[in-house]
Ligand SMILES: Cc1cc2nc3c(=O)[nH]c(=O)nc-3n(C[C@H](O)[C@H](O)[C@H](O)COP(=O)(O)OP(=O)(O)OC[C@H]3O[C@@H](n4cnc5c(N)ncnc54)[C@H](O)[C@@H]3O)c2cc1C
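Let's start with one chain on its own, the form predicted alone, as structure tokens.
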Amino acid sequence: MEKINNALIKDYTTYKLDGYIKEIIFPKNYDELKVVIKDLKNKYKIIGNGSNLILSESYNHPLINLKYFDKLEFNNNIVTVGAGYNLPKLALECAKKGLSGLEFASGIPGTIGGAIYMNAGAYGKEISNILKRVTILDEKNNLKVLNQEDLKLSYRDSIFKHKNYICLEAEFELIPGNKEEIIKEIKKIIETRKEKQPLEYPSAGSVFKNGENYSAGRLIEKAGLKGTKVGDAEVSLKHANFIINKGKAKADDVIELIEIVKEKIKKEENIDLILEQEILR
């Protein structure tokens, strides 16, 4: 089992924030994970690629990374994949097999476990559209298989946010299609993201959830908040619902900037923006 003490936060989150974390653990299989979970007694956090995470130095519990849970199996149009597998990589591997349904995920820099945790989505599609079942470790350290309907998947939400379950692997049902057309769609989505999102800087994607009747990015832009900075954290000039790291931003800079945005939108629009990203501090 791998362990790293005083690890750089920037190595394990897409914000690439400054600072160090106490400890990160990399179990290589279910048995090692079970031992770690038992020893830590719920004082830990499971992370994937850190693509939706604001991680502060003040967070004082170990992190568990499931990068070794990277199984990938194809059975016709059914795909079984480990929680630590990279989501865009999976989309491409499925495309190579002529399987459609994951194209939307091509530019989401997360892992399978993280994508299910938040029911990741883009372009009107979500993980819930193709997910059949998951294998989990429950609160009593028992292995269980949950069907899609058991996961309470909704907009950027799932049962994993409300119960101490750990996703170990997932099964997706995809649609057979034309390989060349699927790859073409993936390339189109990646190009669209490059045009509309500030991918040249570290970030963690959309900061706030959209509402039923509003776009968070449009509200932030309307409020004149593009370019607002705290330290090296900045509201992107390219897409107002992104906060970017211009160099050596810390978690506290990002958190303070989030509060500035929330307060101004509340004052001007009487709307309470809901954070899509997760803060660990």
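Every value quoted in this text rests on a predicted model; they were computed, and no experiment measured them. Numbering starts at 1 and follows the sequence shown.
Omitted from view is the form predicted in complex with the named molecule, to which the following refers.
Out of the listed residues I186, I166, L153, L131, I166 is the one that sits within 4.5 Å of the named molecule in the predicted complex by at least one heavy atom.
Proximity to the named molecule in the predicted complex, defined as a heavy atom within 4.5 Å, singles out one entry of L55, I47, V235, A249, which is I47. At a distance of at most 4.5 angstroms from the named molecule in the predicted complex, none of the three residues G101, F208 and N210 contributes a non-hydrogen atom. Of the heavy atoms in A204, some are within 4.5 Å of the named molecule in the predicted complex.
At the 4.5 Å threshold, heavy atoms of L90 stay clear of the named molecule in the predicted complex, well away from it. The named molecule in the predicted complex is not approached by F172, whose heavy atoms all lie more than 4.5 angstroms from it. The closest heavy atom approach of Q197 to the named molecule in the predicted complex falls within 4.5 Å. This chain is displayed without the named molecule, yet in the predicted complex the stretch 157-165 from 143-151, 157-165, 178-186, 71-79 comes within 4.5 Å of it by heavy atoms.
In the predicted complex, the named molecule lies within 4.5 angstroms of at least one heavy atom of each of the following residues of 110-124: G110, T111, G113, G114, A115, Y117, M118, A120, G121, A122, in sequence order.
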